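Read the single chain below, which is given as structure tokens and is the form predicted alone.
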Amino acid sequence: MHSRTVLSIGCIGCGNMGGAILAGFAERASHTLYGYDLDRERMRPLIAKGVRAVADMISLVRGATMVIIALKPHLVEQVLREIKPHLKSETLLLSVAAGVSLDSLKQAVDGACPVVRVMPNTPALVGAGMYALCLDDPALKMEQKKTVMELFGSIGTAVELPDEKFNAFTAVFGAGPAYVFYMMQSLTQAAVTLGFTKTEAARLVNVLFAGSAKLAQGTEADHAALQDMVCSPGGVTICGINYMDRRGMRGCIVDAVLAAYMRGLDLEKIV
């Protein structure tokens, strides 16, 4: 996709994630953007950014060459059934619904158009999201694949993954922000215990995580080496690390991710 390419993109479901994706597109390129949501209030901030609100899903599908489905998983099949007669072979359908496999999406549209599965995470709400993209549909053209990768790469970090790795991506990187916030809340609680006010502690913890992430991104050193940099021999930090190791903290985190992964497999069977 060249920088001058203008796409016609519509999003069905403009809640947190659908709205964040549309807002990101609106701020970074001159695409023609459409949005539909049953809650009209959700459209107000998007309209202010140049998104065109449409009255119904069919109008959106007719006007957009790229249609994004950003709905709860249990709603996807019904919506695809309604819009399928209006999908054209040149339409590109993208789904950000968790747990809805590529095969399920392909079956729902029955070959009417090519399909892409997308899995974002919540930092997309502030323009720092990570997007896994499954481009395994044989109906996809090479130019379409390139367009989708560049489009989502313009609003975050886009990675191409096969469909069978989506549950793993969700368990680690989709759920990952919750793990990070859990650790942030724990450190805030510890700081309050040691006499900091909650406001002061939360602000400093935010700075701690932002700075640590920046350091990790700015070096080729792995996470273990960066940890060692802080652990002076016989010092304060190594005592804290040793305590967490004795408590099996690392194993608990791995087990938490694996539990999330297994739950994802269960939910995919339900959907």
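Computed from a predicted model, the values in this text were never measured in an experiment. Throughout, we count residues from 1 along the sequence that is shown.
Only in words, not in the display: the form predicted together with a small molecule, which the text now covers.
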| message | Although the partner isn't part of this model, could you tell me whether L38 comes within 4.5 Å of the small molecule in the predicted complex, counting any heavy atom of the residue? | response | yes
| 4.5 Å heavy atom contact, K141 to the small molecule in the predicted complex | no
| message | With the partner left out here, check for me: in the predicted complex, does some heavy atom of G24 sit within 4.5 Å of the small molecule? | response | no
| said: Since only the chain is shown here, I'm wondering whether R42 would be in contact with the small molecule in the predicted complex (any heavy atom pair within 4.5 Å). | reply: yes
| task | Have a look at A98, V159, A112, V192 for me and say which one sits with a heavy atom within 4.5 Å of the small molecule in the predicted complex. | result | A98
| said: To verify the annotation, which of these, L75, L102, L187, V172, has a non-hydrogen atom within 4.5 Å of the small molecule in the predicted complex? | reply: L75
| query | Since the chain is shown here on its own, which stretch among 145 to 153, 86 to 94, 196 to 204, 115 to 123 would lie within 4.5 Å of the small molecule in the predicted complex, judged by heavy atoms? | reply | 115 to 123
| field | Triplet I12, G18 and L71 all within 4.5 Å of the small molecule in the predicted complex via a heavy atom | value | yes
